[in-house]
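Form predicted alone, single chain, as structure tokens, below.
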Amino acid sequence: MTAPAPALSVEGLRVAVGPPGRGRAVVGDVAFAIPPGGRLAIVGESGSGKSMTALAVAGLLPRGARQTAGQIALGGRIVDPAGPGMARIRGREIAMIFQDPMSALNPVMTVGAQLVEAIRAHSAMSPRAARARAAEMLAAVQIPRPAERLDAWPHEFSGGMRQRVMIAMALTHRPKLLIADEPTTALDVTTQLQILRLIDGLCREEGSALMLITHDLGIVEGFCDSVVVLYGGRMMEAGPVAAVLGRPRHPYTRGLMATIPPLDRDVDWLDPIPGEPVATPAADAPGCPFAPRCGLAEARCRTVTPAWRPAGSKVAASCHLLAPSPAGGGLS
């Protein structure tokens, strides 16, 4: 029996900013796949290329940024995120929840009008039927008195409720893929958990695959199946969540895990990763982008780009120290 095509497949994705021929690569050779109904997290510090990767997949790269290489496929069908056909795909087969729901919602349109507009953009529903569907979606995201709240303005909703509206809008057409870009950043801890459970439950109900962009590894452990670790616009490590976070191979992944306080004991000090993240990634530069902050770095780490190689069962990483070094060292 033939296995179903991945809900999303990304191969060799490269994104550059700046004039053609003189641009700077901010995402380089990113590749991953999400099976139908799967949950993939992309993690890393701010500036690692997480959001730029998500925007490239959704065809929403900002002005001055462009995809320079790579292939993106939805359900086995190759798509051009920058092409005219993406307008028919985005919102129907692929949907996105943004970081800040207040800036994503139009402040001079009622919540209902925005939902109805999103619904009718990809269907032949009458305004009345679309309004009924909008109320149904508000009920699905657990907003009280949904029919009444359709006539409310975005500023009349709390941050958590605005995020629920964005989830309702994204899932209206039962997309094959939902991209959630830091969907809980501006919310308190209790609301964060509610929103994540809501996204997870609705995705399972609709059969949508989830691509979660986050810097919170605790979220990853609780809600995702696989994880891609980015730094400087490049992949450092990838594989099943339990394997990558349970036994990280790459020094950067180990550094991220060391910054999480343990739940079973008190500690006086957490070990931060030294230095600062790169302000503007140069994903096409030679060497490992993490080398300036890595306590294990060797001379070759700064001049030779490490290969992407297996690092255990279903895990791969990009690090010279995964293979025996001339001095006999290395990471297991």
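Heads up: residue numbers just count along the shown sequence, starting at 1. Remember, it's a predicted structure, so these values are computed and weren't measured experimentally.
As for the form predicted in complex with a small molecule, it is not shown, yet the points below apply to it.
(message) Is residue 62 near the small molecule? Define near as a heavy atom within 4.5 Å, in the predicted bound form.
(response) Residue 62 belongs to the contact set for the small molecule.
(request) Considering only heavy atoms, tell me if residue 28 and the small molecule come within 4.5 Å of each other in the predicted bound form. (result) Although the small molecule is absent here, residue 28 would stay clear of it in the predicted bound form, with no heavy atoms inside 4.5 Å.
(message) Taking the small molecule as it sits in the predicted bound form, is residue 303 in contact with it (heavy atom to heavy atom, 4.5 Å or less)?
(response) Taking the distances in the predicted bound form, the answer for residue 303 is no, it never comes within 4.5 Å of the small molecule.
(request) Find out whether any non-hydrogen atom of residue 67 is located within 4.5 angstroms of the small molecule in the predicted bound form, and reply yes or no. (result) It does not: once the small molecule is placed as it appears in the predicted bound form, residue 67 has no heavy atom within 4.5 Å of it.
(request) Find the only residue in 92, 247, 215, 197 having a heavy atom within 4.5 Å of the small molecule in the predicted bound form. (result) Contact check passes for 215.
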